[in-house]
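Two forms of the same protein chain are encoded below as structure tokens; each is given separately, as structure 1 and structure 2.
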Structure 1
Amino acid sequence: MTLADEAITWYDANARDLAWRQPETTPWGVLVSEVMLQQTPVVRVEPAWRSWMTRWPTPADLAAEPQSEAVRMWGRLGYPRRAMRLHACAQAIVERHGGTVPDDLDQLLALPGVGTYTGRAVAAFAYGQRHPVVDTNVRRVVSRVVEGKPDAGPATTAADLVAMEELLPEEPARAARASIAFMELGAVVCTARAPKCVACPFHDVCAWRLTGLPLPDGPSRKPQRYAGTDRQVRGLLLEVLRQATGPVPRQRLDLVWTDEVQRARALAGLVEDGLVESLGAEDFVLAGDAPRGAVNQLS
């Protein structure tokens, strides 16, 4: 039995029954799930995915609505520009691909918000193709089991893709299943903290365990701060704009954060990023909410 075979056997018996894993899920449904799962936990994605797919069952359904509706529907999943890009992605799918999610990896990678992980995930999980799919879970599992290291590097590298490719079975559908199995293993057993080695199918072959579960060496990389950052201020501003049904006066936005300089910088950033539009200089809306022709192009 290869590692992939072991992983698949384990997955067949232990896979979570997630909404987007139902056989009737469309490639669009897979794509939406993958974008939502970028840095957001499964438990928070499930209800959002159901609502999203009910409202916009196809790319054309989403593409026909303003971006602001996508950002509102996104709610508090975090990183709202993912919603913006998913909306742009739906429009690109309609324009370039006649409303069908492409099955070609290069075409997938050309879509807004679709990077190395997401493009491969859609090609493999929606279309059953044989591509290595490497996310944080896969990197951690391979790092521990194969390399004996407690943690993987911070981002997917070309070397990671090659290493994973060599672990995959030849048959495409089975390769895709191996990838989802490695991911699931990393998500529920070989977790970042407190891994459940007793429940792991690699218990007896894991290089990390066989060398005594060594701790990470060297300084860990800097934790990302959140409190007090522009990201927090942007989040507060956007929350107000999501709730609003009409233009929001600047004075209302002034209430969310006392530091005027930082507040102004955060708001300008949201406009720069295309999440917010200004109406005149004193009113703001979620981008897409503005009546046609009402947007002040300069500020």
Structure 2
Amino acid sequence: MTLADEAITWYDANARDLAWRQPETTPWGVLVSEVMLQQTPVVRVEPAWRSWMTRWPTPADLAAEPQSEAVRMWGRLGYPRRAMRLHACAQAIVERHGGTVPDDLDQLLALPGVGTYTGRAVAAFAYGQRHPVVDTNVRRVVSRVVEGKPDAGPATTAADLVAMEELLPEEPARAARASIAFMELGAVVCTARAPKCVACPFHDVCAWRLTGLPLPDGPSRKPQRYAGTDRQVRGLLLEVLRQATGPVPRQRLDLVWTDEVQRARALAGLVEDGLVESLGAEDFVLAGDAPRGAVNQLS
């Protein structure tokens, strides 16, 4: 059997039962899941995805609401600009494609916030097309099994897409199945820090294992620190604004973090990123909640 065949056989027996993998999941549901899963663990995404799809089962449902509601619904998933991009994407789908997520890769890639990975993931997982879907997990599997390297570097390259495409079966639906199988292997078996080699279907042919599991050259990447960072402060500020039913005075936001300089920097960053709008210099709302004509730049 080919590597793709081995991966598919393993996946059919071991795949996690995730909500967005159910047969009834729409292309919109797949798109939402892929955006949410960027830099966020599955365990946190699944309940958020269910809530989102219950409220906005179609792009038109989301597009009809203000952007602020998308940011509110995003909750504590992190990187809330993804919510803004999903809202803009929903509007573009309605305006350009009559509310239907396109099945053409070029049209997918032209949507706001849809990049190389997400566009190919939707084309493959929602529409069963043959495209190399390459994320960190896939790159790690291919790097180890085929090239004998412990990892594949920090970013996806054109060479990664070519390497993955060479492993895909010709039949589109089976190629899509192989793509998700390689991804699942990287997520639960061929992990970065604690690979479960004995459980891997590539155990006997993995070039990395056969060369003695060499360690990466240079220092390994450490997980990003969160506590005490501007990201944490931004999250605290957004939480207050999400819960508010009207403008929030600066004095209320001052209570979330004692470091005045860092707090001001975080608030200014939220305004600059388009997540928050200022009403004068002392009141703030989520972007989209401000009365028309009431928005000012943060002073």
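It should be emphasised that the depicted structure is a prediction, and the values quoted were computed from it without experimental measurement. All residue numbers here follow the sequence of structure 1, with the first residue given the number 1. The term rigid core refers to the most C-alpha atoms you can superpose between the two forms while keeping them within 1.5 Å.
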| request: Of these two copies of the chain, point out the form predicted together with the DNA. | output: 1
| task | Would you say whether A60 is displaced between structures 1 and 2, judging by a C-alpha shift of 2 Å or more on the superposed rigid core? | result | no
